[in-house]
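Next up: a single chain in structure tokens, the form predicted alone.
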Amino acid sequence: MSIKVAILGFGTVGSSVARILCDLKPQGVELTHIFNRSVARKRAEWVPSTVTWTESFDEVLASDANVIVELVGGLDPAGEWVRRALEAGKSAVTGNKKLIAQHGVELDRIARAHGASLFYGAAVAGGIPVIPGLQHGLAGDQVTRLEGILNGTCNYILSRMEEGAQFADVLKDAQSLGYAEANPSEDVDGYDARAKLVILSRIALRADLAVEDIPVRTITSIAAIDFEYAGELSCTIRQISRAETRGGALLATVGPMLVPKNSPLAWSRGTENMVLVGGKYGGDVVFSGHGAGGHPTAVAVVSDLITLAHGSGNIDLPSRKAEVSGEFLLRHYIRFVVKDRPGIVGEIAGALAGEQINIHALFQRPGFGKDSLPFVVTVEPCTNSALKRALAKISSAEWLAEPPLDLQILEPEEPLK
């Protein structure tokens, strides 16, 4: 079949999609419209003269374009545009992770009701074919676990810090390179990765999760000393998005974790993304590659368009509403910075013992003053809530120079008893 395509948004990704379509001229795909606010300043000489440039979405909706590519981002008005297009029987391709995380189930239902299709292969991991890989390549397995690096900005920052750079300096570099926004909260505080984890969980685990139910932790509290201590544990630190089914429960979380150096997730550098999928029958599968940038993301969008042009649709993998727990049973790394005096370790041990948490090891590097002394305690597997209660008992101790940093250690959970 032949499809006529209208691109909504001619920014970094939208212009890359148009460039690929003009250069490759994929069979059955014709670019007919480009929509953008103040469209006159966006006109590009390399776009064929047959393409209509417009500032009116209503003009796009009334045109003969039968597929819209939404690359504006955000929930509104992008969500309204996608919904109206689907209700008009036009298919939609989008890379809008927020929209698909919040409203993907509803939009897919609208598409099917009106004989249209909704594709969003670019919404997670940019040019890495994670979503089509899950929808088609792993549809025959029962996926039980997802672990991944889903935010290229955080991966760039943490991999640079692993080499010795300071957080503030690397963040500034990331902003100058266009990896991070002026307000980097969406990336560094975990919200971007959380939306992507919701999408992957819906497809792979068949679980429809509420975005706000997944606990997130920021990477802003990570310091250079944490990479030194992590190295002593044969680990590094990465922002990890994790979800798994366990004993009938759905566990999910996003945040910085200690990752063993022999894990594939520890090998990811720069803006790379990586997703590790664990299946009951097929075992582990790893997707890895460039997860950010105009061209890689545009490749995913164009791939969806070619799929549509060849008459292929998404496999219907129905999901169920699921409640989320963040109560992984894992070892933890706890970094304290204290005003040194006798008895501190005893107080920490007492607070942990009160929650039935055992200390596994204690590390203290030399060369620090007694007024701001960092040391690390690792504990045996425990739940997040138990450790949080234990740390709350010492939160007002006069010897604390700053709040403790608690990181999960990524490893297989303890067997259920």
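Keep in mind that what you see is a predicted model, and the values were worked out from it rather than measured. Sequential numbering from 1, following the sequence displayed.
From this point on, the text means the form predicted in complex with a further copy of the same chain, which you will not see here.
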property: One residue of Leu177, Ala88, Val286, Ala168 in contact with a further copy of the same chain, assessed in the model of the complex (non-hydrogen atom, 4.5 angstroms); result: Val286
property: Ile128, Leu200, Ala111, Ile219 - the one with a heavy atom within 4.5 Å of a further copy of the same chain in the model of the complex; result: Ile128
property: Contact check for Thr245, Ala252 and Gln408 against a further copy of the same chain in the model of the complex, heavy atom at 4.5 Å; result: no
property: In the model of the complex, His103 touching a further copy of the same chain (heavy atom, 4.5 Å); result: no
property: Gly74, heavy atom within 4.5 angstroms of a further copy of the same chain in the model of the complex; result: no
property: 4.5 Å heavy atom contact, Ile306 to a further copy of the same chain in the model of the complex; result: yes
property: a further copy of the same chain contact at Asp189 in the model of the complex, heavy atom, 4.5 Å; result: no
property: Among 291-299, 158-166, 88-96, 322-330, the region lying within 4.5 Å of a further copy of the same chain in the model of the complex by heavy atom distance; result: 291-299
property: Contacts with a further copy of the same chain in the model of the complex, stretch 258-272 (heavy atom within 4.5 Å); result: Trp267
